[in-house]
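Shown here is one chain on its own, the form predicted alone, set out as structure tokens.
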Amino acid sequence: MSESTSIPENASFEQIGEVLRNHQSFVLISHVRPDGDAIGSQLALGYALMAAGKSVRLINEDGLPDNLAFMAGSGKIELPPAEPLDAEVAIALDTATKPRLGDNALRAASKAKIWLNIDHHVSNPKYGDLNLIDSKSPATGQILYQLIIALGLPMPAESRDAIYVAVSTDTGSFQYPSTTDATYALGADLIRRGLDVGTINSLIYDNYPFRRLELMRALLNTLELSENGLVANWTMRDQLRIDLGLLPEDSEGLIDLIRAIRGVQLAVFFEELPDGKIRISMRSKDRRLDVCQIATEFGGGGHALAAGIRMAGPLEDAKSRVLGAIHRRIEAAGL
């Protein structure tokens, strides 16, 4: 590989720490349609930096999802302002590619002289000036926990709780194969630091609006199982979003319901978006079915067992192409 195309090395915690120490103003950004790891990562690092006396803005293209509004300090999450911010350093969190930050967020951070990129997606091309990518970490929140501890940064209650939400939601409540002994040690340490684990779990997992149940009922009516029983998929038309008054976060995690079907090794969620594009989420139980590799065929990415695509419609065409690619992978794996 030539020098011009070589992938940059990961920065050390100390190199990241030097940037954090030597600059005063920061803008922290996460990906569009943010999930618990995205927002949790922003709040975790943001409040640690604020407690260290830094000036921090927390920006997201789509703002704060309704299902995460319970998080302490989440009122600091704001939509991108119209004019670029006077921030010295931009930090992209939990975002596999720079365009996934959104055009307005990128414009808001355009004055930053240094870009830090902290993430756990294996498909991340290391687009920052300094990059800290750990694809073996189950969540960006776990990387930030390790960073905060290593650098001796403050961990106020907002950061503590946000780390837990980030890690819990991205590990399926500590269930996914990416969960490590370090993940459980992190949870234990946060509880020692005062985390109210019962209350926060209830707010994460037992606090859904009724429209989410209506969505689930509608999705079940579209459920399809492949002839060999290995692939389950369901479909959401944009008209359903309109009819039920859905928010983007209402479908978060629902794919795990069909992933849990006995015998199913790969689950797919096809969602028609208002602009006519199709959002595809994939979850695999079998590392021989690497959904990140499937996603990259269509310009997407993610992890081996969880990945996504955003592609042109119509829905029927996108569905045919993606399911075709999945079944070719199944055949190649000898399943």
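Position 1 is the first residue in the sequence shown; the rest follow in order. Keep in mind it's a predicted model, so treat the numbers as computed, not measured.
Another form, the form predicted together with guanosine-5'-monophosphate (5GP), is not on view; read the next lines as being about it.
A single residue from the set 89, 96, 108, 101 has any heavy atom within 4.5 angstroms of guanosine-5'-monophosphate (5GP) in the model of the complex; that residue is 96. Comment: guanosine-5'-monophosphate (5GP) is not present in this chain, but in the model of the complex one of 49, 28, 309, 39 has a heavy atom within 4.5 Å of it, namely 309. You can rule out all but one of 65 to 73, 52 to 60, 297 to 305, 39 to 47: in the model of the complex, only 297 to 305 has residues with a heavy atom within 4.5 Å of guanosine-5'-monophosphate (5GP).
Although the partner is absent here, residue 259 lies well away from guanosine-5'-monophosphate (5GP) in the model of the complex, with no heavy atom inside 4.5 Å. In the model of the complex, guanosine-5'-monophosphate (5GP) lies within 4.5 Å of some heavy atom of residue 121.
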